[in-house]
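As a starting point, one isolated chain is supplied in structure tokens, in the form predicted alone.
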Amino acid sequence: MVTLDALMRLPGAMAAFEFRGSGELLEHQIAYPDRLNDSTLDLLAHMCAANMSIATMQARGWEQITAMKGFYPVRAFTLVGFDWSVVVSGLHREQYKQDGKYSLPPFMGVVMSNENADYEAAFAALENQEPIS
């Protein structure tokens, strides 16, 4: 799984963060605290958790109603804002057994300045497909 340090090396990275499905902000790093602070990142983590839940509900419903496949599970999404955007992945959230209990790894996200954002690199990093230089 990609690290927060690696996500912070992406072009335009302003912050990298981990959060639970409940929206609880876990680990995070912020490159420009004058542009993005802890409170805003906490709110963003909750919004991302809500969006993942809604997208999952919509994908499951769409597959059931249309019999079309490939929409569920929702693994990642991008939210594009005016000045910066966020890319979030839950790709590594498949269940695994640890110490006799099932638990889920956190969601991972990166906030990028739109001026320098490389969305493909962000998705590749979050999917751990290629190293970040």
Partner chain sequence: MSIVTDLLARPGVIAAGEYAYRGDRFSYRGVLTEEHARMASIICRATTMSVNMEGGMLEALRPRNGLHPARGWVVYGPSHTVCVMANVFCMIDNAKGSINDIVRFMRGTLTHASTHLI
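Residue numbers count along the first chain shown, from 1. Worth saying up front: this structure is predicted, and the values here are computed from it rather than measured.
What comes next is about the form predicted together with the partner chain, which is not displayed.
Enquirer: Applying a 4.5 Å heavy atom distance criterion, does residue 32 contact the partner chain in the predicted complex?
Expert: Answer no; every heavy atom of residue 32 is more than 4.5 Å from the partner chain in the predicted complex.
Enquirer: Please run the contact check for residue 44 against the partner chain in the predicted complex: heavy atoms, 4.5 angstroms, yes or no?
Expert: Because a heavy atom of residue 44 falls inside 4.5 Å of the partner chain in the predicted complex, the answer is yes.
Enquirer: Answer yes if any heavy atom of residue 104 is within 4.5 Å of a heavy atom of the partner chain in the predicted complex; otherwise answer no.
Expert: Residue 104: no contact with the partner chain in the predicted complex.
Enquirer: Please check if residue 28 has a heavy atom lying within 4.5 Å of any heavy atom of the partner chain in the predicted complex.
Expert: Flag for residue 28 set to no.
Enquirer: Which residues from 62-77 come close to the partner chain in the predicted complex, meaning a heavy atom within 4.5 Å?
Expert: Counting only heavy atoms within 4.5 Å of the partner chain in the predicted complex, the contacting residues of 62-77 are 62, 65, 66, 68, 69, 70, 71, 72, 73, 74, 75, 76, 77.
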